[in-house]
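Given next, in structure tokens, is a single chain: the form predicted alone.
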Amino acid sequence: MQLNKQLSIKSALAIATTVLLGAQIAKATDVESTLLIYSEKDRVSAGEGAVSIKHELNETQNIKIKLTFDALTGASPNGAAPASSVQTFTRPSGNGSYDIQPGIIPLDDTFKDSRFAVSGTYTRKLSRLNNFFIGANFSGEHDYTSLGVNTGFSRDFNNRNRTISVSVSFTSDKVNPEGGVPIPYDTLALIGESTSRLGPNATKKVYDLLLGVTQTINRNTLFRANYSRSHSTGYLNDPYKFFSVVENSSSANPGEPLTYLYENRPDARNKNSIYTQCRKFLNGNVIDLSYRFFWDDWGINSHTINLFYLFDFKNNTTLEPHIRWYHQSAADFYIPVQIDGSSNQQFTTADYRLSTFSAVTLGLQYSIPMQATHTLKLSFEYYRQFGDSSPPGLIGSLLRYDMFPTLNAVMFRVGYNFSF
């Protein structure tokens, strides 16, 4: 009995010790919170709040959960071209209409949405050199839902100066547009007019692959390179976008709209990108330069250059200005308008996001340590997007209008990070 009693005491002590050690490890929790305000001049405004929580289960495992909520409102281009007289468009629901004044890009002022997203990731250290993660994510809007899973593996080499990583993900999306899914090249209906639809909803699937390598060049220089491949299949149209069919040059009013047709994009898309980054420490400061080249089988390619410079002051506050430059070419099937008498090509869109354009972003972030493990971050960005105001293929009255008005936007972000 005495022996059993001693064993019981030892077992209780062992269990208590294990619980206490586990509790000490479990205290490592990092919280990141962000509030973003975004505003385009005369167009879209948005607000987004996000909270990310990373919790260490023990020395080899951690979980991370992120919650995001955003709301958008304002006016968004519907794809139609300007005209010399008032244009009237039926709202996506089919109930109601809106008027666009002469000479300006038509904007749908009913653009309003909110989105909730949640993602979770479990990371495990398999050994001293190997790491593994698996995750899932969900987001929902009133007309769109997305569900995805992802996993990845990384291994360190060369005295942990080099890391090779691979990750894959799969996403299944469903779109439920107001009024149903439009038939490609169908005419935009008049208010109250019945029209055929492909159905109440449509689906899309996305498969992604990422290969990466991170190399420590020396004690002050870090280099990273990634290659990503994405394959999308299913419904890839924007159900709210259409394009203008305008009178031809032999008519009395060349360039004036006759009707509007819903766009049509391919039902598959392959995207590729190569990303390189170099980060260098300079007397306590940090310079971060990256370049990304993107191309796909829709004919789009783009270049992105990002430059950050972080000033680290003695009181642990930091100031980080940055500049970003972006340029892309147009999709093979992008047209500003369709001339009457020309037959529909296999695919057509007038969505400015698939046209040729450039953009510049200027930003500044200021970080202030509040306590030992608390940091406040304030950042401001100015975004300017510009394209071809008079692209090829225009005729008649269209030559008088700015087909790609410069877009200006500002972003203000407040972040608060802490650990406990």
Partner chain sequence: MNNSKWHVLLILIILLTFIISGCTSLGVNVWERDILASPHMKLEKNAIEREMDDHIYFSKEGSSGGRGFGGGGCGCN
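Residue numbers count along the first chain shown, from 1. Computed from a prediction, not measured in an experiment: that's the story for all the values here.
One more form of this protein, predicted together with its partner chain, exists but is not displayed; see below.
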Distance check, V337 to its partner chain in the predicted bound form, heavy atom within 4.5 Å: no
4.5 angstroms heavy atom contact with its partner chain in the predicted bound form for F89: no
4.5 angstroms heavy atom contact with its partner chain in the predicted bound form for I217: yes
4.5 Å heavy atom contact, N62 to its partner chain in the predicted bound form: no
4.5 Å heavy atom contact with its partner chain in the predicted bound form for all of N150, N159 and T361: yes
Heavy atom within 4.5 Å of its partner chain in the predicted bound form - the one residue of L190, I104, A136, I274 that qualifies: I274
Contact residue in the predicted bound form, from D109, D186, D312, D267 (heavy atom within 4.5 Å of its partner chain): D312
Interface stretch in the predicted bound form with its partner chain - options 194 to 202, 217 to 225, 95 to 103, 253 to 261, non-hydrogen atom within 4.5 Å: 217 to 225
Sequence-ordered list of residues in 187 to 212 near its partner chain in the predicted bound form, where near means a heavy atom within 4.5 Å: K204, V206, D208, L210
